[in-house]
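First, one chain by itself in structure tokens, the form predicted alone.
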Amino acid sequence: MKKLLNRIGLFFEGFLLINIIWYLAYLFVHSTVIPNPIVVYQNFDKVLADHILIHILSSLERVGLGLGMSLLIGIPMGILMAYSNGANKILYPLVYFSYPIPKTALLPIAMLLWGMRDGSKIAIIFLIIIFQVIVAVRDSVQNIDPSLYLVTVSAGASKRQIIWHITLPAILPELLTSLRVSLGTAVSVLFFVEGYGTRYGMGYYIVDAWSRIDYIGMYSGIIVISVVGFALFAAVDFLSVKLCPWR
């Protein structure tokens, strides 16, 4: 809990510094592109009137589905690659090649395959997260102390029990660390993927305000998506504290 409170304190310190820099930029740039942050916050009730909660829930649904699919596929695949040399020889070159490819560049293909609605957006989020999950799980399993397996095997544990009681707890810290990074990336690309074929989502809200030259609304949307991103980051931190007390 202390770690989580420290994270929240860091958030507010960073939030304050960003707003100070923003205000200084407003004073010195003298452009409508950079509005007065005080005016933005004074007009924040407009965001609520624009049903921002619906946009937040729509984005969280896409991120949640992409995350869930990534975990369901990525964890077993990472464990398989760590335990099987044959599977690792086949799959690791694919993961190694695909991992650095900018997933947003695949959006046109995703839209052709799954349409311009939620399917293509979830697919891109899935592609962003799954490779980090696979790599984190594979590396974590390979770093497990072999003596831990000897103890459980000597006690007569089955393969399923070994995976449940040794492998999964051992990979959990690295997996949660990877998810923090992945979720930050997934939220950041919402601005791009939600700009097409939808009327709801935090990314759509920002793009729509931008296209209408509503800079007050655009900055309000950026503030909202930043807070949501931090909330997801803090939620994973909280899970890490609760599920990995030995860390």
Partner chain sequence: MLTIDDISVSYRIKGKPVPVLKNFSLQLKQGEVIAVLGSSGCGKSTLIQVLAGMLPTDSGTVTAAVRGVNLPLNPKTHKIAVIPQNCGLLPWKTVRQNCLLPLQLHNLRIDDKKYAELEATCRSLKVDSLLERYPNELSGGQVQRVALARAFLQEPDLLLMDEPFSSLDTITRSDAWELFLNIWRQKQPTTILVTHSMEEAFYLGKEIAVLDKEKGGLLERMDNPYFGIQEPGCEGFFHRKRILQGLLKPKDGGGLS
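Please read these numbers as outputs of a predicted model, since none were measured by experiment. Positions refer to the first chain, counted from 1.
Just so you know, the form predicted together with its partner chain exists too; it's not on screen, but the next bit is about it.
Chemist: Does its partner chain come within 4.5 Å of a heavy atom in each of Ile101, Gly115 and Thr198 in the predicted complex?
Modeler: None of them does, since no heavy atom lies within 4.5 Å of the partner.
Chemist: Can you tell me if Ser84 lies within 4.5 angstroms of its partner chain in the predicted complex, counting non-hydrogen atoms only?
Modeler: Result no; Ser84 lies far from its partner chain in the predicted complex.
Chemist: May I ask you to check whether Tyr149 falls inside a 4.5 Å heavy atom distance of its partner chain in the predicted complex?
Modeler: Judged by the heavy-atom cut-off of 4.5 Å, Tyr149 is in contact with its partner chain in the predicted complex.
Chemist: Does Pro169 reach its partner chain in the predicted complex if we count a contact as any heavy atom within 4.5 Å?
Modeler: Close contact exists here: in the predicted complex, Pro169 approaches its partner chain to within 4.5 Å, heavy atoms only.
Chemist: Does any heavy atom of Leu176 come within 4.5 Å of a heavy atom of its partner chain in the predicted complex?
Modeler: No.
Chemist: Quick one: from Leu94, Ile73, Val153, Ala105, grab the residue that has a heavy atom within 4.5 Å of its partner chain in the predicted complex.
Modeler: Answer to the contact question: Val153.
Chemist: If you check Leu127, Ile79, Val135, Ala157 against its partner chain in the predicted complex, which one has a heavy atom within 4.5 Å?
Modeler: Exactly one listed residue reaches within 4.5 Å, namely Ala157.
Chemist: Tell me, please, which stretch of 118-126, 84-92, 105-113, 160-168 lies within 4.5 angstroms of its partner chain in the predicted complex when heavy atoms are compared?
Modeler: After filtering at 4.5 Å, what remains is 160-168.
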